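Presented below, as structure tokens, is a lone chain in the form predicted on its own.
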């Protein structure tokens, strides 16, 4: 039995699935098969990019998240909010209004994730100086990309920058700050408002780390609707705000989670590539020793980076426009009331954060590995090559696997039969090795009995 390496936020509801294969056809790591008329996930191939979630026409794929009521298990309830959340709202809604309504909903503290980039940027530049021989160094900001590299480009795991992303730095800082102020660790609940499924998976099963300072993850779409509904009902928070104002994020911090947010800050030749299919195409060329004179790669799984996350509510292009406008207009003067100087406060904790910013080596988890035993793996690789000589290489998907090569691998691992290929079925029928009835039964096993029932007039 294969070892399950990853926690997954994406869950398949078989009772809803109609076996349309849309999800299988868009999956960039070939993690989905159709069996018995239902989509099935191969755990160790999935990177939680969410393309299947968007492709499903019937809502059979859902995103696991923590129940909002969990925040009330803690005395100190911290909302870690990415700046992308601010971009979901119309321009007339102020950041202080959003903070205030979040407070009214139950959070005792609000903290922007991008404050963590104040520590991270310097650490990344220092890391690049020390490890510049491993060109190109690759950002670990996007957890879907980290997992993609593990399973599809395992030879590039040594190129990953082994530093925590802003989310984990912000969580570590705020937990330490509350502890120093007298709070007990069990009283502190830190909840991240996420724009994507991959970050949920990363919190539940950190790559390169044993545990996370984050207690739970809440769907951004859920929070947006909850906050905006409250505002429409007149609860703007203007009079009820009990939160100290924070220094505004600096423009470069506000844009960190958007495309070119990191690459524009890094030295040398840096490139930013978003949308997972574009990333895969680029990395395939890089594996073939093309584009090797690049110092830094910012890779994001979603189109327009976090603004295009599957759990965002707003149009990604409008979100990017709003955030860029806000970055241009932001004023860094000290607010008049209740100032908390985040810059100075984080500097106090710089040594603590720098001591804990490194993560362990990220291990490859190649999806092409056919067996843990090297001898058996080599035998199965030869079997895959032999099977491919018989298959038509048309990648029609009628076998319930996304490509002919995927079917060959499934056969080598005992998860499918050569007769699952409809072209092989027809060949076997012509040679009387297989009856048309047996072919029909095979297709029913793959696509479900109901798809072959007689239609009622």
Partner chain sequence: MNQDSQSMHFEYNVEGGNFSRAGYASSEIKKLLKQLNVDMGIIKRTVVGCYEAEVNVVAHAYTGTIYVDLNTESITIRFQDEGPGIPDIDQAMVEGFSTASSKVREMGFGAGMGLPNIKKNADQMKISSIVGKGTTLEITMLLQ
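Between two forms, the rigid core is the largest collection of C-alphas that superpose within 1.5 Å. Worth saying up front: this structure is predicted, and the values here are computed from it rather than measured. Numbering follows the first chain given and starts at 1.
The following text describes the form predicted together with the partner chain, which does not appear among the structures shown.
Is it the case that 37, 435 and 437 all touch the partner chain in the predicted complex, with a non-hydrogen atom of each within 4.5 angstroms?
So, no: the whole triplet misses the partner chain.
Residue 409: heavy atom within 4.5 Å of the partner chain in the predicted complex?
Heavy-atom contact with the partner chain at 4.5 Å: present for residue 409.
Residue-level contact is defined here as any heavy atom of the residue lying within 4.5 Å of the partner chain in the predicted complex; does residue 344 satisfy this criterion?
The answer is no: residue 344 has no heavy atom within 4.5 Å of the partner chain.
Quick one: is residue 129 in contact with the partner chain in the predicted complex, heavy atoms, 4.5 Å cut-off?
No, residue 129 is distant from the partner.
Does residue 385 make contact with the partner chain in the predicted complex, using a 4.5 Å heavy atom cut-off?
So residue 385 counts as contacting the partner chain.
Determine which one of 365-373, 269-277, 315-323, 297-305 lies within 4.5 Å of the partner chain in the predicted complex, judging by heavy atom distances; exactly one does.
Among the listed stretches, the partner-contacting one is 365-373.
Please pick, from 381, 93, 354, 183, the one residue with any non-hydrogen atom lying within 4.5 angstroms of the partner chain in the predicted complex.
Contact check passes for 381.
Identify, from the list 104, 252, 187, 287, the residue with a heavy atom within 4.5 Å of the partner chain in the predicted complex.
It is 287.
Could you pull out the residues of 145-161 that have any heavy atom within 4.5 Å of the partner chain in the predicted complex?
Residues within 4.5 Å: 152, 153, 154, 155.
Quick one: core overlaid, is residue 374 moving 2 Å or more at the Cα between the shown form and the other one?
Moves: yes, 2 Å or greater.
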